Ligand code: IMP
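What follows is a single chain, given as structure tokens, in the form predicted on its own.
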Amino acid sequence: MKKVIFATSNEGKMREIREILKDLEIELLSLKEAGLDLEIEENGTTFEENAIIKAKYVMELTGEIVLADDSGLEVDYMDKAPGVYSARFLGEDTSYDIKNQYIIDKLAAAKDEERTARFVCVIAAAFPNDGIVTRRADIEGVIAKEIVGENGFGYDPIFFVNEYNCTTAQLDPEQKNAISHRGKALNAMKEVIKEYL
């Protein structure tokens, strides 16, 4: 069975990834499970650049197939911030409760039509001796007026999806994976991995 490392230590993210990729015949490992304790400097200016930096670095280190994602929230009213800095927004150690409340407060004066936002995800796959492939997907929504929902992680409790009339933190995991930016990007990447295997 082929080993595939996903370049993340985020448990919430790994849960989603395992669920989406469960039908692939691979041994999927997080950085921690692969015995890697790394701080990779994400100094790219786009989601694509950051995903490639992570995948390439870990692939060169291990010689294994490596997947990495860079994802984030773009809030139009805030000039598409936090964007590529979503994880580091207001400081890496700042809780998402504080980050989410900060964004809600920033949009206090925004009209309903000005609250548009999207989650963006780019998945990069680095294949030993075979180059790097990326897939990008997003999901459109609006910033909620309050923090709602217990599921998901990160900015999910403030990301409201009109067609479901709830935040992504109120969707059950299966529903969320079917419509989310990460779910769509991973499903597109799944086809690439199948060909490689």
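The first residue of the sequence shown is number 1, and the count goes up from there. Keep in mind it's a predicted model, so treat the numbers as computed, not measured.
Below: the form predicted together with the named molecule, not depicted.
- Just one of Ala87, Met78, Ala110, Ile104 comes within 4.5 Å of the named molecule in the model of the complex, counting any heavy atom, and that one is Ala87.
- Put simply, Lys13 is close to the named molecule in the model of the complex: some heavy atom of it is within 4.5 Å.
- Residue contact check for Glu42: one or more of its heavy atoms lie within 4.5 Å of the named molecule in the model of the complex.
- Of the heavy atoms in Tyr164, none are within 4.5 Å of the named molecule in the model of the complex.
- Put simply, Gly141 is far from the named molecule in the model of the complex: not one heavy atom of it is within 4.5 Å.
- In summary, the region of this chain contacting the named molecule in the model of the complex, judged by heavy atoms within 4.5 Å and restricted to 23-31, 66-74, 142-150, 124-132, corresponds to 66-74.
- Of the residues in 146-167, those that come within 4.5 Å of the named molecule in the model of the complex through at least one heavy atom are, in sequence order, Phe153, Gly154, Tyr155, Asp156.
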